[in-house]
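Before any questions on binding or motion, here is one chain by itself as structure tokens, the form predicted alone.
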Amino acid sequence: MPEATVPFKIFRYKQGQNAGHYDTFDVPIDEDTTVLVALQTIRRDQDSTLMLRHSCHHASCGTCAMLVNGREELPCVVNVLDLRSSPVVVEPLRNIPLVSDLVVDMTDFYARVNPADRPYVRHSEFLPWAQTPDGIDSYSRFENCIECGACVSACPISGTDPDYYGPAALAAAWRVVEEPRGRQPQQALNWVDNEKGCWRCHVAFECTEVCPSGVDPGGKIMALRGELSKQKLRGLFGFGRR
């Protein structure tokens, strides 16, 4: 049985509207109710026009990322009772184009994380005699980044400079440098070595703070800077030459 009723203040927006607004819903919850389940309850029982995106329900896919009380979260693993706030305020991710209500357009995000001319999503390696299940041509390696967009939403530079590559794309570039596996790390370093790449970061580390998978994009950006700085010093002073 539900233990309590909690008000949810949810951002609403539909295509063609001049501005968004907030609607408030009272949601019955129990000790196991997550924010995502509460939103699904609203959509099922109170307003079928509420738009949100979700999939796995256990923090593996990153699909449901949004703002909960002003912080980037995966609502599928945020227990409502743990929030201890009234109302619970739910909003779409920042710095990513809004589609409707809590849904944002991830097209540009995916294009930067996995650009066509230097793809960073890599095929998984497996024994040559292994076979994939029926209907699956190959496995894809996503590593620890679940491509949720939380880091871009939290990044103050992404909020002011639309040309900035963003923490997710830069962290993906560092993974190629750190673990090439047949890729060209120097190509990744050349791509980030400009005023819209790793040098544009202001080292706020908000991206690292909100990452639900421990990717530490801020640390990866600093690693890119460190590697590029070493290369530049070698070029200037001949350090490391034999």
Partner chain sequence: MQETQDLESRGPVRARRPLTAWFDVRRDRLGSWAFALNRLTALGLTLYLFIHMAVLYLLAQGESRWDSFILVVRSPLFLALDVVLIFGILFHGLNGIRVSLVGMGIGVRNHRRLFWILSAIGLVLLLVSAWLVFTI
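Residue numbers count along the first chain shown, from 1. None of the values given here were measured: they were computed from a predicted structure.
Below, we refer to the form predicted in complex with the partner chain, which is not included among the displayed structures.
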The partner chain contact in the predicted bound form: residue 154, any heavy atom under 4.5 Å: yes
Heavy atom of residue 13 within 4.5 Å of the partner chain in the predicted bound form: yes
Close approach of residue 179 to the partner chain in the predicted bound form, 4.5 Å, heavy atom: no
Residue 69: touches the partner chain in the predicted bound form, heavy atom cutoff 4.5 angstroms: yes
Contacts with the partner chain in the predicted bound form - residues in 197-225 whose heavy atoms fall within 4.5 Å: 202, 203, 204, 205, 206, 209, 210, 219, 222, 225
